[in-house]
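Next up: just one chain, as structure tokens, the form predicted on its own.
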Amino acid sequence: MFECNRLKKVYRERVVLEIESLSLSQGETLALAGANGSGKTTLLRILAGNLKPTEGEVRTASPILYLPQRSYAFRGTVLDNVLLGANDQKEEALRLLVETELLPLKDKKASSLSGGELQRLAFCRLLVRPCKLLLLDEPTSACDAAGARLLLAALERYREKHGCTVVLSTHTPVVATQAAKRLIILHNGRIEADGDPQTILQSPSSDWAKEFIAGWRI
């Protein structure tokens, strides 16, 4: 579904991402973790086509949907926002609002939502359309535990329905273990660990990974 070879991104002579090889099959879910500045968002933006790598080759399947970390609302109601660019998907939009417990707010101005509600809205606005590759940057960062569970459940239903590949970044171990079958920990733009989330969390393969996991926010 996607493949990166000899991928490198340099900002002002500083290497922020350097991955020799990375691939993911159709229907898989990959979680990206790492400290701030480790390269998670840079990798997602390159896969989304929003950022060009300095070197290397990237192959992906389209259509691609990308959810940036910062959620925002357009003018109009919550339902208006979900239907942007998908006016023929009202039934699906309403179903997503039910799944994410936003249906009672469907006629409310989207700009008046709380941070967690706004993140759920942005999620619905994205998932109302099908895709082959779904990229999510910290999709539950503004949600409480209950809101995060709603989004992860909706995400899994979406993945099963469309058979898409999912790549998401997270600062939360629970999200990595519940949403993904594979976890990559990035450190200074390079892959520090790659494998089953539970295995990595229980048996880190390096001293740095062990230190990172020990301080990872639960």
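Please read all numbers here as calculations on a predicted model, not as lab measurements. Residues carry their position along the shown sequence, with the first being 1.
Not on display, but discussed next: the form predicted together with a small molecule.
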Are any of the heavy atoms in residue 37 no more than 4.5 Å from a heavy atom of the small molecule in the predicted complex? yes
Can you check whether residue 14 is within 4.5 Å of the small molecule in the predicted complex, heavy atom basis? yes
Decide whether residue 60 counts as a contact residue for the small molecule in the predicted complex under a heavy atom distance cut-off of 4.5 Å. no
Contact label in the predicted complex: residue 41 to the small molecule, heavy atom within 4.5 Å: yes
Can you say which of 154-162, 28-36, 52-60, 175-183 gets within 4.5 Å of the small molecule in the predicted complex, counting heavy atoms only? 28-36
